[in-house]
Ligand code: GBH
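The chain below stands alone and is given as structure tokens, in the form predicted on its own.
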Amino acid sequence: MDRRDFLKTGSVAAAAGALMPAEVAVASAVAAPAPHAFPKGFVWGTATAAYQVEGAWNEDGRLPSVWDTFSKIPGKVRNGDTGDVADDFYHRYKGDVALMKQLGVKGFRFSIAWPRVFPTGGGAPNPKGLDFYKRLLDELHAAAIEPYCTLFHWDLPQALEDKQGGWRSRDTALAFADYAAYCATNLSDRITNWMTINEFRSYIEGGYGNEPHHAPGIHNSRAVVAQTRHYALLAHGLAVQAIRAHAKGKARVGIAEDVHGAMPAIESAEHIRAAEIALRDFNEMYEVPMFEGKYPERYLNGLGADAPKFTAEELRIISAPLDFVGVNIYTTQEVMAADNPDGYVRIPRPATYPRLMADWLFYNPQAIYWTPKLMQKVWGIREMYITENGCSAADTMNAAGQVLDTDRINYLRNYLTQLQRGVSEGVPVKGYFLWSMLDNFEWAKGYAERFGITYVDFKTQKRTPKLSYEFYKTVIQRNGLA
């Protein structure tokens, strides 16, 4: 019996049978204390990113980003999809915030579109672009939802790519710092929690690497990629400085990073130690310089003549202290101790290893337990948030107007159980942001994969909460799992 068949036999299926399009009759069950409870004040949230939801790609002064350009190149995005309209969040944000309020979240992670605020990446700002975010932030505060802002979620202004090679140029890092300073100056009365950059690997390796599949989609040599990584890290550090220097009032600064996780195949001392070593090695390109202020000799020696050029001052900027670390967690890599120079070996995933709809999303709930736990041990991080976690699924709407995504509920229940395990042991995760609030533009996969807990009909823009929306609502009301 597979997990879908199993779920059909249980209480989730029974609840699904009673589901109405607008609401589910589960509220009466949520008052009981949760045996798997989270601490009081734990931040339950959800997340989106500007290019994936906003649409309005050429309205109110916004100019193209690299994703506007890349998505229009034939063959780059499945089915020729683009983010031109996406979820039309730019015009429909009030209704979406109302859905968040109904869900019960107290935090919303969103990103600002750099080309909406600075259409060419620098120079004169665009007041209409900034005004949109002021309206959004006011709506969030009116709903008692705390904004968590990411300044860069991959939508680099195309003008910076054209003029100076995008992230391959140190000048882009300087432009990013100016953009961060402007946002902090003008929005810090509405935003306390800032994240500089989302997932270095995704837009550096994916956009400029050996086999680029994300915007701008330009192949580069190993030496150029190594230097590009360094400039991206420098941009982060300069933005941390800029936010702290220009924010009015309290500002908490962090990052949202896709840490390459490791976990012991067997929970014994030798394999746990192997996972600690592996975690640091897997993240030697970005996390080690950011958290330790140096590039590991292993990394530099491996690159040889292709190693990045940098100064001690740049490393000091890159490793500026953070108030919190956001971690995007979907899966992890099992390792075991080995008698070799590394002290561990990766365990190849067998053909039968479970995965979700996304070909990269291997199903391993322990990822959300081990990654934060080992980060605390290896780097001494004192405050973390899960800034992304979720899954895509083959969501379809039935004749009654329901989306009964029990596979996503299965995923969330098991991942959150493992997260609660870590938190109960003292791992300092203070909040969880489910990816994603809405089905949206999923980068090179276009609209073929749905990650949302709210179903979006992209032709009509109608929103329909899925069964997973009601599951998450119950978790929030209980502040835990049954």
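Note that the structure is predicted; figures quoted are calculated from it, not measured. Residue numbers run from 1 along the displayed sequence.
We do not show the form predicted together with the named molecule, though everything after this point is about it.
Among heavy atoms of T46, none comes within 4.5 Å of the named molecule in the predicted bound form.
Contact annotation for H236: none of its heavy atoms lies within 4.5 Å of the named molecule in the predicted bound form. Interface membership of Y51, defined by any non-hydrogen atom within 4.5 Å of the named molecule in the predicted bound form, is ruled out. Though the partner is left out of this view, F38 does not reach within 4.5 Å of the named molecule in the predicted bound form, counting heavy atoms only. Although the named molecule is omitted here, in the predicted bound form all of N198, W360 and E388 have a heavy atom within 4.5 Å of it. This chain appears without its partner; in the predicted bound form, the one residue of Q102, T185, S202, Q164 with a heavy atom within 4.5 Å of the named molecule is S202. The partner is absent here; in the predicted bound form, the one residue of Y455, W57, W435, F70 having a heavy atom within 4.5 Å of the named molecule is W435.
Shown alone, this chain has one stretch from 38 to 46, 417 to 425, 59 to 67, 438 to 446 that lies within 4.5 Å of the named molecule in the predicted bound form by heavy atoms: 438 to 446.
Taking the named molecule as it sits in the predicted bound form, the stretch 308 to 344 comes within 4.5 angstroms of it through a non-hydrogen atom at N328, Y330.
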